[in-house]
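Take a look at this single chain, the form predicted on its own, given in structure tokens.
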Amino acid sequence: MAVSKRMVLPVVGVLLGLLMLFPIYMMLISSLRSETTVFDFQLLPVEFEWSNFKTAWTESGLPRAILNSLFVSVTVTVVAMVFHAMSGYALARLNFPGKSVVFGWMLSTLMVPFSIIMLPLYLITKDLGLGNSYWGLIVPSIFNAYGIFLFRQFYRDFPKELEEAAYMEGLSLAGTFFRIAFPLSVPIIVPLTIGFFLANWNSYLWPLVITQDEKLWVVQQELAHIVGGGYFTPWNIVLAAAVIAAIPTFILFFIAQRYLVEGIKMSGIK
């Protein structure tokens, strides 16, 4: 009886895992079908149309869109990690007038949906001359209260003995942060890096609003263009393009998987 109880959770876990992987499997299998059989519900196609991937790559703007998404996502993630860590460290370690007010005001922005601030953000970005440019895609995406909050919580539990030893060695506050605290923040940096990269890679609404030039389109815009770019939608080509667009995110996940699990355990991110 005890053995059967111990088997329940693993079996349920495997079933849930297969359930979550099934849509991805169907996307991959459907991308290898012809136009006439793309919607057939079969676990394996009769013939494999590998040319769908070549068509998706050569007859669309997907290569340029992937490069744009990589540039925007990597830049936003790297800059955000540095700025958010600095802000979180200041809120956790420094005492300055109005710190609680600043922290509470910052947290309140988490309650505001992006759709509400989208128009004011667009007007500000346009007035600053950043519209229809890489700067317009990158700068507004950097600031996020969630990242600052998690860094603050991490640095509140950071060992003060390490910082005191650094001060005794003559390091300044900035030196202590960049040479001691920030390099030891890997457990919180890794899960946040993956989260920020995926959020910017999958971003569609803001790039759609701020860019009009096709040369600036990101992956999601290009996929939407393939879907609605004409009178006929080649769904097998769309699915092949979606598989190609998902490859960088899978690579990032498999590279950082071990660090992601350790980071979740240490930081308590659920």
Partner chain sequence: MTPKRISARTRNEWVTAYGFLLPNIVGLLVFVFIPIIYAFYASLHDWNALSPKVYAGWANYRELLHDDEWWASVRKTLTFSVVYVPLLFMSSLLSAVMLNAIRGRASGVVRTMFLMPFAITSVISAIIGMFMLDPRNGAVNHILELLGGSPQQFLASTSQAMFSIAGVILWINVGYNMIIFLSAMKEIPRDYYEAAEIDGATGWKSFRYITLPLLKETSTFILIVTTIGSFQALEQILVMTDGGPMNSTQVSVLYIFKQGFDMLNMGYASALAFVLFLIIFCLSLFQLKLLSSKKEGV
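Fair warning: this is a prediction, and the values are worked out from it, not measured in the lab. Here the rigid core means the biggest group of C-alpha atoms that line up within 1.5 Å when the two forms are laid on top of each other. Residue numbers count along the first chain shown, from 1.
One more form of this protein exists, namely the form predicted in complex with the partner chain; it is left out here, but the text below deals with it.
Asks: Evaluate residue 20 for contact with the partner chain in the predicted bound form, applying a 4.5 angstroms cut-off between non-hydrogen atoms, and reply yes or no.
Replies: Yes, residue 20 lies within 4.5 Å of the partner chain in the predicted bound form.
Asks: Would you please decide whether residue 91 lies within 4.5 angstroms of the partner chain in the predicted bound form, comparing each non-hydrogen atom pair?
Replies: Yes, contact at 4.5 Å.
Asks: Can you tell me whether residue 217 touches the partner chain? I mean in the predicted bound form, with a 4.5 angstroms heavy atom cut-off.
Replies: Flag for residue 217 set to no.
Asks: Any chance residue 145 has a heavy atom within 4.5 Å of the partner chain in the predicted bound form?
Replies: Output for residue 145 is yes: heavy atoms within 4.5 Å of the partner chain.
Asks: Has each of 30, 86 and 224 got a heavy atom lying within 4.5 angstroms of the partner chain in the predicted bound form?
Replies: Spot residues vs the partner chain: full contact, yes.
Asks: Under a 4.5 angstroms heavy atom criterion, identify the one residue in 162, 124, 74, 184 near the partner chain in the predicted bound form.
Replies: After the contact test, the surviving option is 124.
Asks: Would you give me the residues of 97-112 that have any heavy atom within 4.5 Å of the partner chain in the predicted bound form, in order from first to last?
Replies: 97, 98, 102, 105, 106, 109, 111, 112 sit within 4.5 Å of the partner.
Asks: With a threshold of 2 Å on the C-alpha, tell me if residue 50 counts as moved between this form and the one not shown once the core is superposed.
Replies: Comparing forms between this form and the one not shown, the residue 50 CA shifts below 2 Å.
Asks: Take the rigid core as the frame of reference and indicate whether the C-alpha of residue 40 shifts by 2 Å or more between this form and the one not shown.
Replies: Moves: yes, 2 Å or greater.
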